[in-house]
Structures are given as C-alpha cells and as structure tokens.
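Okay, so here's just one chain, in structure tokens, the form predicted on its own.
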C-alpha cells in the first residue's frame, strides 16, 4: 500500500470516528450540547484536530448524517435484492426502516430539530429528496417494483412514481414515530404498512 493510500485510509477512518462521536453527542445532549469541544472530547482528540477534517460544525454534522444514512442504505441493500418476491421484500424493507429509525431515534429527533425546526413537511421532503442516499433508496425500490411487475406479481405501474409514493408514505410514518413517546410497537406498524401496500399492489391469485 502506497503512503498516499495509507493516508487516505487513515483520513477516512478518522472522519468516521469523528462522525460517530458527533452522533453520540447529539443523541445524548441534544442540539444545545453539540459543540466542537464536546465532539472533540467525545472523540478523544484536540478540538483543533477537528478543523483538519471539517471546516465547521455544520460540515461535521452533515458528514455524520450522511454516514448514518449510509448505514441505513447498507441494510436496505441486503433486503432489496433482485429476484426476491415483492411480498417478502416490501415487509422486510418496512421493517428495516422502522427498526433503524427506532435505533437512531434520539439522534434523528435532535437532527430534525436542528435542521428543520418548525418547518413545514414539504420543506423536509424537498431536502430529503436531494440526498444521494435517498435517491439510491428510490432506485432500489423502483427496481424491485419493476421486476415484480415483469414477473406478474404486481399490477402494471410506473415504478419510479410508485417508489416515490411508497417511500413518502413510509417516511410519514417514520417521522410520526419520532414524535411518539413511546411509539407504537414496531411490528404493528410493519404489518399495518405492509398489508396496506400489498393489498393495493399484488395481482390476485399470484401471491399468498
């Protein structure tokens, strides 16, 4: 491994460690406690070292959020597999999303408060749609729906529009769960969302 590549690996590792520290501080202390000093203390490094990797707190926070949703995408990629029946794929996708949001709820609540405040739902949706990970998620969903239609499992649909509709519907429930204390049991929402969607999508007689 060349010296340059070793440096690149070290920088990636360090940035990810800082991102994890940011995640923990925001989840534990909330927006008011998210300072560069608190993050440095959590990461076990000097405050000045943070500025070697991130211009300011805003850049650091966005990197932490990107890393968090990158983790979610890695989980979804293990569920939205080519050729898998949509009657299996869709419930597992809903389950993966709900469990992830439940695991990260403190971080996500704090982030939503910082980023959107009392902003309208359309602002939240617009900003979410611009994220690379969200676009990748939509592509995976659209591919799953397109393949299911080609196999005759679901009614013919525009897969891209269907993916957008399903993703927005699930997201609305995920955001509602962040506000609920405590939220509805996860499996209840998994079954409710899955059954509701599948009833409208599946071709009668093709799926059990």
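In this text, the rigid core denotes the largest set of C-alpha atoms whose superposition between the two forms falls within 1.5 Å. Not measured: the values here are computed from a predicted model. Numbering follows the first chain given and starts at 1.
What comes next is about the form predicted in complex with the DNA, which does not appear here.
Residue-level contacts in the predicted bound form: of 66, 168, 158, 56, one residue has a heavy atom within 4.5 Å of the DNA, and it is 56. Listed residues 151, 176, 47, 139 were compared with the DNA in the predicted bound form; 47 is the one with a heavy atom within 4.5 Å. Shown alone, this chain has one stretch from 29-37, 143-151, 177-185, 160-168 that lies within 4.5 Å of the DNA in the predicted bound form by heavy atoms: 29-37. For the chain shown alone, residue 52 is a contact residue for the DNA in the predicted bound form, at least one non-hydrogen atom being within 4.5 angstroms. Taking the partner from the other structure, the DNA in the predicted bound form has no heavy atom within 4.5 Å of any heavy atom of residue 15. Once both forms are fitted on their core, a CA shift of 2 Å or more is seen for residue 10 between the shown form and the other one.
After superposing the rigid core, the C-alpha of residue 29 moves by 2 Å or more between the shown form and the other one. Superposed on the core, the two forms barely differ at residue 158: its CA moves less than 2 Å between the shown form and the other one.
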